[in-house]
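One chain comes next, on its own, written out as structure tokens in the form predicted alone.
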């Protein structure tokens, strides 16, 4: 169930050019949050900007109650947020449908090899997913593929390795890892027949990735990027086309039915 909290800011830093990480204390949110969900944050002191900003959850420490968001400065709201060094954030959340985290017998018998694919700032919510997978003791079963324009914009490779994951990277300019797209790396990994793929990144990347999974017959989940205004399914600003169980085209809200959807469900 979503909550409305005043969360005390405890840290703010810029790990990559234009990318910020804000840490805050929100014990009740930390207990309720699941990987892939997002927070709706008021970014301003008054009514400008009027609308809250939807930002994915980057990491959670359930014991201490500390949470982090990782975001890119793209406008007035996120610029305001990047300038906060102390004080409190007005946060509504956790919101949306997150990733499926397999545990117990299901993870042991049906899903043994996973791939996690992040493109650009899309790597931000995947770190929380990796935290939960590592906590379940399945880090050795997962290959993490990360892509960015250059080495300076690669996010979370070191943090993922510290959790025990094997990481491969791709950059457009070849300044780190494979020169090319992260989907090039995915094509290689699909030949090894993984059981499940998680992904988050720009829509062109996800469109290609979903087609690759469909061709390979590999299931997975993707977190889509849509503009969200209300965050609770009332304003229709984030509708996206998906297939229902009978293959019929229907519309869903990314904010309440997503932002995580089955890879075979989204119509690109």
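Positions refer to the first chain, counted from 1. In this text, all values refer to a predicted model and were calculated from it rather than measured experimentally.
Absent from the display: the form predicted in complex with a small molecule. The rest refers to it.
*Asks:* Counting any heavy atom within 4.5 Å as contact, can you tell me which stretch out of 27-35, 223-231, 59-67, 204-212 lines the small molecule in the predicted bound form?
*Replies:* Answer to the contact question: 223-231.
*Asks:* The small molecule isn't shown here, but in the predicted bound form which of 116, 160, 185, 121 has a heavy atom within 4.5 Å of it?
*Replies:* Checked against the cut-off, the match is 121.
*Asks:* In the predicted bound form, which of the listed residues (128, 165, 71, 196) lies with a heavy atom within 4.5 Å of the small molecule?
*Replies:* After the contact test, the surviving option is 71.
*Asks:* Residue-level question: is residue 242 within 4.5 Å of the small molecule in the predicted bound form, judged on heavy atoms?
*Replies:* No, residue 242 sits far enough from the small molecule in the predicted bound form that none of its heavy atoms falls within 4.5 Å.
*Asks:* Since only the chain is shown here, I'm wondering whether residue 93 would be in contact with the small molecule in the predicted bound form (any heavy atom pair within 4.5 Å).
*Replies:* Heavy-atom contact with the small molecule at 4.5 Å: absent for residue 93.
*Asks:* Wondering, does residue 78 line up within 4.5 Å of the small molecule in the predicted bound form on heavy atoms?
*Replies:* Residue-level check for residue 78: yes, a contact with the small molecule.
*Asks:* Can any non-hydrogen atom of residue 218 be found within 4.5 angstroms of the small molecule in the predicted bound form?
*Replies:* Judged by the heavy-atom cut-off of 4.5 Å, residue 218 is well away from the small molecule in the predicted bound form.
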